Every structure is written in structure tokens, then in C-alpha cells.
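In C-alpha cells, one chain follows: the form predicted on its own.
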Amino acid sequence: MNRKFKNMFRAAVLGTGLICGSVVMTAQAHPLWVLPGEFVVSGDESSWVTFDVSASHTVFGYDKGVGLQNVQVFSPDGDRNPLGSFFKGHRRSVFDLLLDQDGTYKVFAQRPKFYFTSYKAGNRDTDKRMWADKVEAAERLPENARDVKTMQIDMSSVAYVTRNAPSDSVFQPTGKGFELRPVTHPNDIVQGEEAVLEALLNGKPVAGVSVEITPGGTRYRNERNSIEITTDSNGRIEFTPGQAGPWLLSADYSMPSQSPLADTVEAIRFITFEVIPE
């Protein structure tokens, strides 16, 4: 997410009214990540891989468990299947996936869309926020509310896992909305070597997208050590990870809303990937 948007969310979550709100409400404002126990498995027999899912500002630190009813698994042969059983805890959710085909699987988690309204009020133009769409906000806003803006939050997270030889069939974009397409295979990113990713809007490359790429373990260091970059005129970013282990990539793109419930749509995308030691 871009810095301005992250600061707005952080302020909303820390606001007194929202601290007293529901777990679901606060989890909605947290980044969503899907972390496989293994990114690559090999062998002649099918293999089970376990996944952790949580909503947290700490990269791969458990915070809020989420429902996984909307998780979809895309297999190498093109099949698209809903997730079977899963466990939802207070701090994380867990499921296992059987890899019975050679190639790369895509695990896609979609958060239910929600709304965020910001405005100014009072003699000092104090910044205010609420979780509400335009219709709901109109009923709750004070009479002197100004600069009212409502965003629809469209958040999803992806992880890729491979059995034996990697494949790229699951990278095919839908051509609808804001999407991220790996150019370098996510299961073949090596420490110290350049990796490439492409941002698409309705199937076409989009420039100027803010991307943040952060290695895991932020709770164990003072600095996040994030790589912050924007897509070029071809919609691409090129980055060189200097640390092995799991990383989280996030991209944020704002576009006008076609719905009467929001002014803009804030599309937030996350990809979890592993950097292989050199």
C-alpha cells in the first residue's frame, strides 16, 4: 500500500472508536498474507503442504485469523477449486493442500469488499474516519462534515507453490480490474538476482503503481528493510532481494468507482514468495 493510504488506515485502527470495534472490523484494515510451509516440493508421490493465513501489519507475524470461505485453488491443469476444510483461530487460519499434479499452483484469498470514509469536521478541520459506504456515511456524518471521501477496499492475496517442475499456466491474467502478473517465476527467485513483476489494469500494463516488497521477520529488527518502487512505463518493476527467506509484496492502485457506494476503489494486492539462497 502507498504511504498515504497506510497512514490513513493506521490512524483509523488506532482511533478509540475502532479499538473498541469488532475483531472483523480491525482485521479488515490489516494486510492479508498467505504463507505456505513449503514453496517447492519434489518427488514421485503427491505431497501435502500446509498454509498459514493471517491479517497483520507485522510481516508473517500472526495477528487476526480470517475466514477462508473465499479461497480458490488454481491447479496446473487449469482446474479452479474452492478450498476444502480449514481451521480459523483467533490469531491465524490454517489449511492443508494436496499437490497431486506436477507444476505450479496458485492459492488466491479474497477479502470481502468493505468501505472506508474519511472527512474533516469541527473548527480545526480535524480528520475523522469511519468504516462505512457513502450511503451509510451520509446518515452518520455531522452537519459540518467537509472533504468527504469514500473508498471501496478490494483486497486479495496470492501465494504460489510448485511440485517438481514449475509451470506458468496459473499466471494468465483475467483481463479484469487490477492484477499482478509474475514475469520471473515466484518459485525461482534467487538472492542477489533480479526479479521482474508486471502490473495490469484490465489486461494492459499500468505505470506509476506503488509497490512495497518486504522480507519476513519484521518483528525482529528495527527497520522493515522494504524495497519501495513504482512500475515503469511498461507496467513493470525490477528488484533484487538481498535476503533469503519468505517475502511479502504489496501493490496499491486507486481508480474511480462505478458504484454509488464509493468515490474510488482502492485495489490492494499481496503476493508471498520465497527467495532462494544464492
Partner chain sequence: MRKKILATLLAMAVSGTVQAQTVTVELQLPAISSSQYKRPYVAVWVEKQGERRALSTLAVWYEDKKWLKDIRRWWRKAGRYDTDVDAVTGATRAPGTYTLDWQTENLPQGDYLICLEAVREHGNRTLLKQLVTVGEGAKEYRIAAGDELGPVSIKVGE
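Numbering follows the first chain given and starts at 1. A quick note: this is a predicted structure, and the numbers were derived from the prediction, not measured.
FYI, the form predicted in complex with the partner chain isn't displayed, but the following is about it.
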{"query": "Exercise: V135 in contact with the partner chain in the predicted complex, heavy atom 4.5 Å", "finding": "no"}
{"query": "Proximity of N164 to the partner chain in the predicted complex, heavy atoms at 4.5 Å", "finding": "yes"}
{"query": "Interface membership of E38, the partner chain in the predicted complex, 4.5 Å heavy atom rule", "finding": "yes"}
{"query": "Residue contact check: D188 to the partner chain in the predicted complex, 4.5 Å heavy atom", "finding": "yes"}
{"query": "Contact stretch among 229-237, 60-68, 206-214, 39-47 - heavy atom within 4.5 Å of the partner chain in the predicted complex", "finding": "39-47"}
